[in-house]
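Just the one chain here, the form predicted alone, laid out as structure tokens.
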Amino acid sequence: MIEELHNKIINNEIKSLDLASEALKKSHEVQKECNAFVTILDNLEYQENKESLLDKIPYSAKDMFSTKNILTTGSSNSLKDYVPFFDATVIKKLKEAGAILTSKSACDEFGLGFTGTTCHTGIVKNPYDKMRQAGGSSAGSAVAVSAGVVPFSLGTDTGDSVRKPAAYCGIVGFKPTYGVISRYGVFPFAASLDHVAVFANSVKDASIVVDAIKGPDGKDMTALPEMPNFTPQIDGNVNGKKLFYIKEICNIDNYNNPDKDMIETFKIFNETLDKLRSIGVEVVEESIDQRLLNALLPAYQVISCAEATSNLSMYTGIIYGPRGVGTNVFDMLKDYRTKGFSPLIKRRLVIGSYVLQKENQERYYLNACKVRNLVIKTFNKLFEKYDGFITIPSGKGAPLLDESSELLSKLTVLENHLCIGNFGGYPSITIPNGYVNNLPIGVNITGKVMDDANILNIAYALEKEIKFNKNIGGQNE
């Protein structure tokens, strides 16, 4: 779509900033239906770059990205009036590429949720069914692309916060290798897991955007050296590639009393494996110790909450944010956080503080790090034989809004294993894989570090075989 729009722009089939103006109009319409945005930017900033594929292309950015002179809240009441004085590196690069920021999208508070229901501006709703979640934490960014407001949007992915919403909203969500994109100017959640990621309507569109924003900037110490652009390496030739799927996750026989939607989701997944085989990809079943898989979620929660406790310590109401009431600094801090933080954030900070206490560190935090290390070793060993692994992002379509309880929504390995991509910093992409009960479902491919182009190419080839028909409220043909 981006290349098509670019060609129409240079051929004057689309005039001036008509795309951005149309995006603004759609933003207001979708806001009424889905509550996807914190800020809609009626005064647009544009820096021409006729050589860029993104010139005059509108986009939305999760409200976790610092934007100069534009409200940036992290979807939290604790920063409800915060206006930064600088742009995040990715915002700066997109501006230089000629892309036009039209909105800041809502997310779970500071990116710490997975439902899109904890934004300080209210619940984000799925455009396919307003009674269902868009997924989180990058809910608004997913809706912006899914509802046709913008061709692409920015999100952040710490456990599955782009790839799961992509599945729920019938779009592409791509998280490149850790360090490929600078996180300077992005609110941190869990720094060793956080990735800048992209939503788009196609694999190639996602690749085009990542090519425009990747590369070191001298401001993010985790940044990798510049890599060749990914898009020119996408040709759809995947003959001889090898993928594996995990028996304990992707075999329906491992689940007790699956409902009809789950059965259909697994059926479609197996059909997708056959499509891969038909284009020359070898797909093999591998088994992984169930104990290690069961430890994924606890390890993720411990590590992410511990890092969040450290990163969110800067929110005091003293430096920025609404000043708390009190006669001393401690009372002011307590008042600021009590009023500014949601129950979700408070719970995460309590967990993080507890596991970091000296007497608890070895039992919880260090053991969680050991689990993470074992996961990385296990998958790196498998990646010596395979180009990547393919999996199911979720057992069915988007949950209902009243299914937003963290305890109930995060019980199974099936719903929580995408954090493998964050543990190892692996490139990982979710693409649409059809419909179940009129709701989109996805399929995910994850590969070895710095093998982004290969993973994108496999996803691109598969995308052509699936032929997903984006039709909100309709069925895939």
Partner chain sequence: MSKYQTVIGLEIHASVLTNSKVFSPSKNSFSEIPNSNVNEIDLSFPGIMPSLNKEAVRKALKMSMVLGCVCPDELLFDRKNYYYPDLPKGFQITQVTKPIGINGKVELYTDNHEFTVDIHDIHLEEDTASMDHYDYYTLIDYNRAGTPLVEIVTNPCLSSGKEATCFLEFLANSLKYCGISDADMKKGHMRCDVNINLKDEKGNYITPKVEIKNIGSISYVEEAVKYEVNRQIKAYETGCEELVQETRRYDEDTNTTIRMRTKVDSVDYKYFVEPNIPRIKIDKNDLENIRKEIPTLPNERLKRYIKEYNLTESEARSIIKDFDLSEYYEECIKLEINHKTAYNWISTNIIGYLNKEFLSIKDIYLTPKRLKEIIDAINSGEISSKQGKELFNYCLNEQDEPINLIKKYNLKQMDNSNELEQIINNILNNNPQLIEDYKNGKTNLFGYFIGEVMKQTKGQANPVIAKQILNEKLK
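It should be emphasised that the depicted structure is a prediction, and the values quoted were computed from it without experimental measurement. Positions refer to the first chain, counted from 1.
One more form of this protein should be noted, the form predicted together with the partner chain, which is absent from this view; the next part is about it.
**Q** I have Glu307, Ile318 and Tyr365 flagged as a candidate spot, so tell me whether each of them has a non-hydrogen atom within 4.5 Å of the partner chain in the predicted complex.
**A** Each of the three qualifies.
**Q** Please identify, from 253 to 261, 308 to 316, 280 to 288, 144 to 152, the stretch that has a heavy atom within 4.5 Å of the partner chain in the predicted complex.
**A** Selected range: 308 to 316.
**Q** Hey, in the predicted complex, does Pro228 get a heavy atom within 4.5 angstroms of the partner chain?
**A** Contact with the partner chain, no.
**Q** Is there any non-hydrogen atom of Met221 lying within 4.5 Å of the partner chain in the predicted complex?
**A** Heavy-atom contact with the partner chain at 4.5 Å: present for Met221.
**Q** With heavy atoms only and a cut-off of 4.5 Å, decide whether Leu333 touches the partner chain in the predicted complex.
**A** Yes.
**Q** May I ask you to state whether Arg183 is within 4.5 Å of the partner chain in the predicted complex, using heavy atom distances?
**A** Looking in the predicted complex, residue contacts with the partner chain include Arg183, since a heavy atom lies within 4.5 Å.
**Q** Answer with one of Asn294, Thr378, Gln361, Thr121: the residue that has a non-hydrogen atom within 4.5 Å of the partner chain in the predicted complex.
**A** In short, Gln361.
**Q** Sort through Ser66, Asn416, Asn35, Thr446 and report the residue having a heavy atom within 4.5 Å of the partner chain in the predicted complex.
**A** None of the others qualify; the residue that does is Ser66.
**Q** For the stretch 324 to 358, return the residues whose heavy atoms include at least one within 4.5 Å of the partner chain in the predicted complex, in the order they occur.
**A** Going through 324 to 358 in order - heavy atoms within 4.5 Å of the partner chain in the predicted complex - the hits are Val329, Phe330, Leu333, Arg337, Ser353, Leu356, Gln357, Lys358.
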